[in-house]
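Coming up is one lone chain in structure tokens, specifically the form predicted alone.
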Amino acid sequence: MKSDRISARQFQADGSFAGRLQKLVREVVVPYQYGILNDSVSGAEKSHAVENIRLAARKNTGEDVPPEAFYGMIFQDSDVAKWIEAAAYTLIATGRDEALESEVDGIVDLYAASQHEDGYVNSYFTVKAPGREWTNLREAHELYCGGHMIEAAAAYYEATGKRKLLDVMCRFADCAYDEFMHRNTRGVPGHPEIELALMKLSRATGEKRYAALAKHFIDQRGQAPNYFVEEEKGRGWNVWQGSAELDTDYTQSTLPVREQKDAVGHAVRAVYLYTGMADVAKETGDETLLSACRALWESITRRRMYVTGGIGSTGIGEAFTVDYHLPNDTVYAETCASIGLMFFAKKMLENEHRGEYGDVMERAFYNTVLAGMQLDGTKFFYVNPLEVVPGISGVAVTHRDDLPERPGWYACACCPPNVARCVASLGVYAYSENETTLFADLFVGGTVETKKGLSLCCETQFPHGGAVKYTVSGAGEMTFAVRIPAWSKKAALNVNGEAVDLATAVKDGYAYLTRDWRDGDKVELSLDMAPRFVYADPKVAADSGKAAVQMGALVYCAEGADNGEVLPLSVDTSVPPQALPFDAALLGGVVPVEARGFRAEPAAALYSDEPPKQTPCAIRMIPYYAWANRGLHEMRVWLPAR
């Protein structure tokens, strides 16, 4: 199959920023989440996810298991799947581990034991709704859960060579193929995900039928008459009590995918779908599908995305709303949605290497995705606000979703294991490779092995420093393409000390270096890391008259731990913000930024005909990803500008 994707095995992180994150995932996050999924962490939200699979295995072997024994969301299996995938990538990133593999193998054995003779596998339907399989695709998440477990199976096979879970999921995919290519040829998943997973399975096994099924689901979505309308007429049951009337935008089924122009509905479902679309477009050379992906990309990134790479501006349907509606204090910006945006960006890069895809992938990861996990790896954000006020955020009925502190877990826990698998597999997003060219899409310290036999060692302190050095091991002819981020107003690149003319070397945001490489050759990139003010399009009402601060890829915020009350602060944009020295003891090691500004004095009344007195002050800011790690405080990304 066509793919510019590198395998996880081709990259090994060093001890810099990404390597430390992966070490945290291996040593803290994966064990913590295993405990959660097995209900052995005291005080945490009950999961029951592994127990559900155990119950399904028991019932599948003839035991009497009552339907009410199932606990949790209908998609509870997917939490386990994402955890397995995270564990698999940590085995690649940090080395094989018999104890961890034993934990994974135990769950795989249970999951295999719960599989039906025809290949179907899903704990909810086995325990709670037997006989209703495939009858409620709109709500039931069977294909979503199956997709996540397919991804887990492919990753675990890559990590260990063990085929048991891969074989289980091939049987499930065969079952789905028979159902949707032969019996119910109009059925499509309510929650897209399996499309991108089937493409991974096709690559892992060489079986082209799985890619054909992915394309089939994409081609059928949105065709008239709407499948979900027809399905509801005959099924006679709902997953959720009081199920809402069908919202075709929510399910991305208002139009066939090639006619869709605006990103609408549930944000995670949307970007998972777009990722599958872009992957199928790459595999088949379908220009109409790729053209639709470009239009949807522009809809998101030019009109419906936060400065932090967050997407989905409302909790009502966890959804996109309309162009330029980007409120800061009632934003949803689900962590999973930004992870899905990374997936979409990566697949667009594999279709056409343009710097804007790498820029957005980087923005999403270093801001919203990392903000989704506490620095100690044991608490997580589902929703990622850009402004919080304790007493209002998480309390007022309009702000219930926008919590000022991270909980330890959720009843709907899709985000925590998603962050874990994303961080553990970061190397896959850092590089791409085709027949002629290795692309550096992100700046991540570590070593990448190319398919041509060369390797490149990247040394960098990014995202806190802008120096990036690549050292070549081996020899041979190859093109090395390095992304030059749009945020770097000045950049310098040299090879073995000789300056590269970026005016001629850069195409679509990448500097292309073609040469006969020799062992020890060095490529050095210097990026402009000067902190700067950024401003929103005037159409974004929430940010009118405001400014945010960005340094490199990092968006900054003002937090009460450094400034006391944040709401009275305004920033003086006539004085450029300044980077302070790197502080290794602060928030795991960050570069604080200081801006000049003003503090409004408290008012004597709720309203007054006198403007508040303004006192000059310094405003200390930290990277957005590190907020809410020092207790309960006010926080703002966008500050009034004076």
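One rule holds for the numbers: they count along the sequence shown, beginning at 1. Remember, it's a predicted structure, so these values are computed and weren't measured experimentally.
Below, we refer to the form predicted in complex with a further copy of the same chain, which is not included among the displayed structures.
At the 4.5 Å threshold, heavy atoms of D167 stay clear of a further copy of the same chain in the predicted bound form, well away from it. Not displayed here, a further copy of the same chain is approached by A641 to within 4.5 Å at the level of heavy atoms in the predicted bound form. Proximity of E193 to a further copy of the same chain in the predicted bound form: non-hydrogen atoms within 4.5 Å are absent; the residue sits far from the partner. Though the partner is left out of this view, N351 does not reach within 4.5 Å of a further copy of the same chain in the predicted bound form, counting heavy atoms only. Note on contacts: among G285, P538, G131, G453, the single residue with a heavy atom within 4.5 Å of a further copy of the same chain in the predicted bound form is P538. Contact with a further copy of the same chain in the predicted bound form, defined as a heavy atom within 4.5 Å, holds for exactly one of E387, D441, E151, E334, namely E387.
Only one segment in the set 341-349, 306-314, 374-382, 204-212 has any non-hydrogen atom within 4.5 angstroms of a further copy of the same chain in the predicted bound form, and it is 306-314. For a residue to qualify, one of its non-hydrogen atoms must sit within 4.5 Å of a further copy of the same chain in the predicted bound form; none of Y157, E259 and T436 qualifies. Taking a further copy of the same chain as positioned in the predicted bound form, the residues of 600-617 that bring a heavy atom within 4.5 Å of it are, in sequence order, A600, E601, A603, A605, L606, Y607, S608, D609, E610, P611, P612.
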